[in-house]
Structures are given as structure tokens and as C-alpha cells.
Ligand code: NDP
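Consider the single chain below, provided in C-alpha cells and representing the form predicted alone.
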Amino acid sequence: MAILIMFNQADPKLLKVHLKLSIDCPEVRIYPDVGDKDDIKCIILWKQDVGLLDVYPNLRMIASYGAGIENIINDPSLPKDVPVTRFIDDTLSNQMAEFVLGSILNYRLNLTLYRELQASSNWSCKNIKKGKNVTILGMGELGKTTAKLLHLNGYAVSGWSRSEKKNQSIKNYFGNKQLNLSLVNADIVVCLLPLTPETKFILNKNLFNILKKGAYLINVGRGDHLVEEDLLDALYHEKLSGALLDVYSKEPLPTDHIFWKHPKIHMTPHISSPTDKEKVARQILDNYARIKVGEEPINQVNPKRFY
């Protein structure tokens, strides 16, 4: 029996090292060195090339290296009867919450601007941006933890989700009919939604037009949540004061993309919530032990919901 790692945009050798630190780890292979396909019981994926999954007759589990699974679910070669899992852990949620809080503080306190002024020897004081109403789109594990940290730091937080959530420290909105209500008072909008057919391109001109003038956008969900042309238009007409983007429709972002040099867009290279290799290795091996004895793995995703 063997585990196969099939990665793009991540180093499979580092994960293999962490897997092999455990005495209960089976043989680990790295694509394209598959060996005998009959041996493969589990495949670990991250942004894999599509069309490669339906050739393993004894496959029992597919595991996402991170929290995102849309690349797996959208793969036409995905076997329908094989469970798909994703990585869920406090480290992901806590790192995301800190990243969002840091991004908001950087925006409100003008910290990046001061670094630019320093480079030009310009002594100039700017006003702190006062608006502290934050709407979080997406109230899963990452959204809940982020909302809690922002609330503890004095922000008035609203959350919007597909279905109703219970959280006494924030205003809760859910369903399509309540989306506009969640946004009308927002000074800052944070996208932490899963990417589904319903949420694709949700960050568009219709949503931006609901916001108060000068709102700020943080997208740490997925690149395909955003209609890029609508963002550029909203920034040009000052509907939005700026945006922080950590995710993009194509990654790495092409070097000639307009976002790189846009003065109102702050870019980071998809680093808001990196996977802890030690913990993801342990979680995958625990699930591997479950499937060996006929048990269901934890953190399974619902392919129909895309999360």
C-alpha cells in the first residue's frame, strides 16, 4: 500500500519528509514516479493537473493539502465513490485571523503608505481611517475565528453565510435575501467564502454598488470570487478606497498583470493561511488508518456544496 503526492505550486518533498517521520507511514511516492498503480490507496493533492485521478483501481481516499478543494471537485477524472477530505486545523484559522487583522490595521493606520513616504524622505502625517464596521463573507471555520479576533479588537463585525449561523458576538446574516443587508454599513469587506458555483464572481459591480463610498476590500477567499474588471472600475470611480488581494484567478499572477503596479491594490502571494506540514501530515495519516479498517475519514467534503 502507498500514498501518492501530486502537487503543483508546493514542494512535495517537504510533505514526504513530515509523513515519513511517523512510524505508521506507508510507502510515499511523488508523482510522476507512481510505480504500480494498484498500490495507491491515498492521493494527496494541491492544484494538480486535471484528468489524472481515475486510473488507480484501489484508491480509497483523496486528501487536499489545504482547506481549498475546488480544484479537486472540478476535476472530471475524480472518482465519484472516493471520499475527499480537506485540511482543517486551528493553525489555519488563527493564521488567517491574524492576517486579516494585520491587513485591516495596515490599511487604517497607513503603515504601507508611511514606508513609501520614508523611501522619498517625506515627513507627512496622515489621518487614521476611523471606520470599524467589518462584514465577513463566509462564516466557516476561518470566518468564525477571524470574526472573534476582530470583535476582541473592538471591531463591529457582521457575518454573512449560505445558511444561518449562531454567533452572539456578531450580527448574523444568511441567504441571498440578506446579502445586501450585511453589506450596507460595511467600512471593510472580507471575503472568506468557499468557491462554489453560487459564489464565483460574487465580488462584482453589483456588490460594490451596495457598499458605502470608500469601503475597503480584502479577498482571502479565492481568486475567482472577484471580477477583476469590476474591481478596477470601482477603484477608478472611488467607490472603493482600496483592496488587499491574497488570491488570484491565475497563480502565480502574470508579471504583466495590471494589479502589480496599481497604487490602490495591496498584493500578497497567497500566504494568508499557509498549511502546517507537520499537522497536515498527521491528519492525513490518521485518516489513512481509518480507511484501512473500513472507517470513514474525518473532514470529508460534500462535493455538491464544494466544501
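For every residue, the number given is its place in the sequence shown, counted from 1. From a predicted model like this one, the values you see are computed outputs, not experimental measurements.
This protein has a second form, the form predicted together with this ligand, left out of what is shown; the following refers to that one.
Stretch from 189-197, 121-129, 229-237, 75-83 whose residues place a heavy atom within 4.5 Å of this ligand in the predicted bound form: Selected stretch: 189-197.
Distance check, residue 142 to this ligand in the predicted bound form, heavy atom within 4.5 Å: Although this ligand is absent here, residue 142 would touch it in the predicted bound form, with heavy atoms inside 4.5 Å.
Distance check, residue 157 to this ligand in the predicted bound form, heavy atom within 4.5 Å: The answer is no: residue 157 has no heavy atom within 4.5 Å of this ligand.
This ligand contact in the predicted bound form: residue 205, any heavy atom under 4.5 Å: No, residue 205 is distant from the partner.
Distance check, residue 220 to this ligand in the predicted bound form, heavy atom within 4.5 Å: Answer yes; at least one heavy atom of residue 220 falls within 4.5 Å of this ligand in the predicted bound form.
Interface residue in the predicted bound form among 211, 134, 104, 96, criterion: non-hydrogen atom within 4.5 angstroms of this ligand: The residue in contact is 96.
Single option in 244, 45, 247, 40 placed near this ligand in the predicted bound form, where near means a heavy atom within 4.5 Å: Result of the distance check: 247.
Interface residues of 55-86 toward this ligand, as seen in the predicted bound form [heavy atoms, 4.5 Å]: Stretch hits, in order: 67, 68, 86.
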